[in-house]
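As a starting point, one isolated chain is supplied in structure tokens, in the form predicted on its own.
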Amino acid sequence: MDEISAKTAGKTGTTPKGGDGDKNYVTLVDHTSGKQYDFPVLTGTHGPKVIDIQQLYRRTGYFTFDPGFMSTANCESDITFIDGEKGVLMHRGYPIEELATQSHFLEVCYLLLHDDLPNQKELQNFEHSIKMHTMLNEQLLKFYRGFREDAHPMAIMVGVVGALSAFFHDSMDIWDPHHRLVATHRVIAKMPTMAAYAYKYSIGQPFIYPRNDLDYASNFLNMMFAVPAEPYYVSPVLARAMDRILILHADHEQNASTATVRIAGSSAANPFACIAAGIASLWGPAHGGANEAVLNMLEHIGSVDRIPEFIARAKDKDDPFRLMGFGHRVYKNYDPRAAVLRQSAHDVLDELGIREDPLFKLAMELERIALEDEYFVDRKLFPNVDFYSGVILRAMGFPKSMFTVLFALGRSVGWISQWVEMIQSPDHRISRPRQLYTGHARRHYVPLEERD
């Protein structure tokens, strides 16, 4: 069996943009042949160093085996950085706590797209452009009526977002910077309309057209909950909570759906098809369904007096029950998004006067235990963003089937920003992962009449 080892050598390597200049190589040693190979070590602004193995197969004849890409950087990006050990999330260098408490969603959209916060004129122009693209072509509305009334809203979103590519041939040249810009604005502007219409169709209510006199979050809530028969008042508290949820879900580095968008886009697919692919990936319960799972868990527990029973089960390593909405795969510290959303959850409950709702009393008691119980604190099992967003969205009247749609609404700006970055990268090429083949060795065809 071939044996390979690696060691770090103090030789000059390469550093991507934003690096700190700490350059070296890793030497790979093939103990069977005795050959040694040097591979550059790349150093980013933050985060672990990265071994550049782009030439690994050509030089050595080996591939790497990394199911789930848990140790593989699939791109170079300057959009979002996460340090799960320290509980850090930054967009373009700005901490998420500052953006969520001091900024608003459209300003964050501009930041993700353009690498910096806008000045007043830039923001006005950007907001105006978004408002000019909020409506849908009337022919697209007929597309909604092709779905069954009980269709899941995410199924509708995959279809209608992908269908946008049939309506905008004037912005489909992905190599044209102006076309890309128009496409990004259309995605950001039309996602709230498409999401609200998916909900309206599912409950048999008429579509509510967007209103350009409202801000982004308020306009979305109006399209979701207004009816033609009477005026609808958008609470500023609820609008602000909605805006924060969108900010906190705007981008999260190279997660499954973002990687899907990049892989789809690597083939030069149009941006609307790529976003539809991202929505499909997000639909998986292991990715976008966590806040819905939180509500299902709360309903399963049922009442405050049953909490001790389920806490004991959560602590029992032999019991498959887990408290949903606690801890995070990436964050081994307090999820910085949850810290912001926690206050919004309490603000929403106060605004709506429903703190006495049994499910919310149950959620708040679970929150108290998680923040005080030694078992949870020692294991960093704090409430995460999904715990609080589920509580907020239920309080605001969103059905569970819409939770992942709202995730997609917020994440769409991250997807389109990552897509633009990929298209503009000088290293852009079609994605082509390799495999470890473990099937049959070569064998020959046997005619049917000769088979046993």
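Take the two forms, superpose them, and find the largest set of C-alpha atoms that agree within 1.5 Å; that set is the rigid core. Throughout, we count residues from 1 along the sequence that is shown. Just so it is clear, the structure is predicted and the values come from calculations on it, not from any experiment.
Here the subject shifts to the form predicted in complex with ligand SDX, a form of this protein not shown in this document.
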* Asked: in the model of the complex, which of the stretches 199-207, 339-347, 281-289, 226-234 has residues with heavy atoms within 4.5 Å of ligand SDX?
  -> 281-289
* Structure fact -> Checking His185, Lys131, Arg240, His252 against ligand SDX in the model of the complex, the residue with a non-hydrogen atom inside 4.5 angstroms turns out to be His252
* Asked: Of Val385, Leu393, Val405, Ile416, which one comes within 4.5 Å of ligand SDX in the model of the complex, counting heavy atoms only?
  -> Val385
* Asked: Could you tell me if His328 has a non-hydrogen atom within 4.5 Å of ligand SDX in the model of the complex?
  -> yes
* Using 4.5 Å between non-hydrogen atoms, is Lys317 touching ligand SDX in the model of the complex? -> yes
* Asked: Is Tyr375 a contact residue for ligand SDX in the model of the complex, using a 4.5 Å heavy atom cut-off?
  -> yes
* Asked: Contact between Arg379 and ligand SDX in the model of the complex at 4.5 Å, heavy atoms?
  -> yes
* **Is_shifted Phe376 between the shown form and the other one (CA, 2 Å cut-off, rigid core)** => yes
* Asked: Is there a C-alpha shift of 2 Å or more at Ala280 between the shown form and the other one once the rigid core is superposed?
  -> no
* **Flag for Phe220, CA shift 2 Å or larger between the shown form and the other one after aligning core** => no
* **Cα distance between His287 and Arg379, which in the model of the complex differs by 3 Å or more from this form, closer or farther** => closer
* Specify closer or farther for Pro320 and Ala256: how their Cα atoms are spaced in the model of the complex versus the shown form, given a shift of 3 angstroms or more. => closer
